[in-house]
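As structure tokens, one chain now follows by itself in the form predicted alone.
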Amino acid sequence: MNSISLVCFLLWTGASSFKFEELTQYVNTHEEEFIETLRKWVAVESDSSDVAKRPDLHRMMDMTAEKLRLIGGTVQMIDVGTQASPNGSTIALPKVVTAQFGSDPSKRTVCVYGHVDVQPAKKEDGWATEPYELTDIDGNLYGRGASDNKAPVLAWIHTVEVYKALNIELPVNVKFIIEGMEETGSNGLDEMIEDQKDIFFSDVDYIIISDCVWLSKRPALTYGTRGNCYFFAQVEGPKKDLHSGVYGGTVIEPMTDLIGILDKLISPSGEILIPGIREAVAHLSDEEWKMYQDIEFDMESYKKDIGMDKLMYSNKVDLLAHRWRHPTVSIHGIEGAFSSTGTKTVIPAKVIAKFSIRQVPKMDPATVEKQVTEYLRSVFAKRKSPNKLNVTMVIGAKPWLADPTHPLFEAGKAAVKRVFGTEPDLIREGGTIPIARTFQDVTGKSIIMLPIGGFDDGLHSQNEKISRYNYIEGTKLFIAYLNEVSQIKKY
């Protein structure tokens, strides 16, 4: 055999060695088994915001570790410390689960990140089904955490499980890092990643995150997220709450001051009024404009889904750009104000506004904190109020942006084309996934977000779900993706 024939033979055997049909057929025949596993996971009330449910969260981490052990992973449960509970005592944080499958130095190594904690959920909040009982209705699997993030985590575990069950060698080494505090800020995880930078992550080539969703019915690859600067603005006046009939008209009310300064954050048309914020936004290039123009997105369906007749912008490109690549100001609530049913004629002595700024690349949280604090102080000073203003930033999560032309994304396109028969949309995410930026800054590894959740899954909302289709076909996508990543050349 001459050298050219040998090369062709090796290329042909390498391409044909991927037993895609055999692997995906196994997924099809084990669909109900995979759904039953999801049912068991959803049944665990792993709400990380409620310390009373911490035993459930610990149990969820144990179940995750055991599942990874059962399919042959080298598993560790890493202690990441404690947190303060509301009564002043300390409570153990859930351990972070890591696992490893394969350590062949000739192969690429990918690390899959996920979380198995969930947002709070109660039937009386407006759920049509019991939130912790996975319920199949017309092919949709309803339950808290179904899409965010238990089904995607399980889809990745099932991916490895399928290779193992068929005794087919994994095309890459696979590592997992799965946490239980993502919904409340990933307590302890940043320090753990820093500690493991030269240990667990030393041989990792790429990091994959599947904690996001498609934009439409078309599959998507996500290459950016916004950050989040969350603020408290407190206005304090009299030493106690006052009766509006007795004291109204004689005191300068803290609530009036607070509403006044909040009104200066953003205009009715959505323009951020804080100096320096809008100026930090990168110009929308012609190439990016065309990319947005080609994305599948139905504005009428979007309006219908959220129940609005009119949006801030009337065309797709402007709307997507302001959802993904422009900062926004959102006012979330006022602590200390009367909010119960009925009437109460009170003048609150102290009120605290809670608002956030979703930030984009070229915006630094420390700079945003300075800009917001100085601006609100100047606005407040013009009111000449005797009340006291205090502004604090309680969250400063940075945005994340990847290069959508990186081989990781080319591999993603090929995998989507194989499984779904279409090109994926390249999208950004308007929300914040802080761990992506932490991985990028600490490990220096390339990252891709590879979602399988549907655009209508209702993350963090009532009636959260994932469809059978997305769960099962998403597992096949991950199977195909590992093969595509294995073919990325080493430089």
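The term rigid core refers to the most C-alpha atoms you can superpose between the two forms while keeping them within 1.5 Å. The first residue of the sequence shown is number 1, and the count goes up from there. This structure is a prediction, so every number in the text was calculated from the model and none was measured.
The discussion below concerns the form predicted together with a small molecule, not included here.
Using a 4.5 Å cutoff between non-hydrogen atoms, residue 459 counts as a contact of the small molecule in the predicted bound form. Residue contact check for residue 429: one or more of its heavy atoms lie within 4.5 Å of the small molecule in the predicted bound form. A residue is said to contact a partner when one of its heavy atoms sits within 4.5 Å of a partner heavy atom; residue 448 fails this definition for the small molecule in the predicted bound form, lying far away. Although the partner is absent from this view, residue 385 stays clear of the small molecule in the predicted bound form, with no non-hydrogen atom inside 4.5 angstroms.
None of 433, 57, 38, 68 but one reaches within 4.5 angstroms of the small molecule in the predicted bound form through a heavy atom, and that residue is 433. Among the residues 288, 296, 183, 130, the one placing a heavy atom within 4.5 Å of the small molecule in the predicted bound form is 183. For the three residues 148, 211 and 358, a heavy atom within 4.5 Å of the small molecule turns up in the predicted bound form in every case.
Only one segment in the set 175-183, 301-309, 372-380, 247-255 has any non-hydrogen atom within 4.5 angstroms of the small molecule in the predicted bound form, and it is 175-183. When two forms of a protein are overlaid on their rigid core, residues whose CA moves 2 Å or more are considered shifted, and residue 216 is not one of them between this form and the one not shown.
With a cut-off of 2 Å and the rigid core superposed, residue 146 has a Cα displacement that falls short of the cut-off between this form and the one not shown. Taking 2 Å as the criterion, residue 177 does not count as shifted between this form and the one not shown: its C-alpha moves by less than this amount when the rigid core is aligned.
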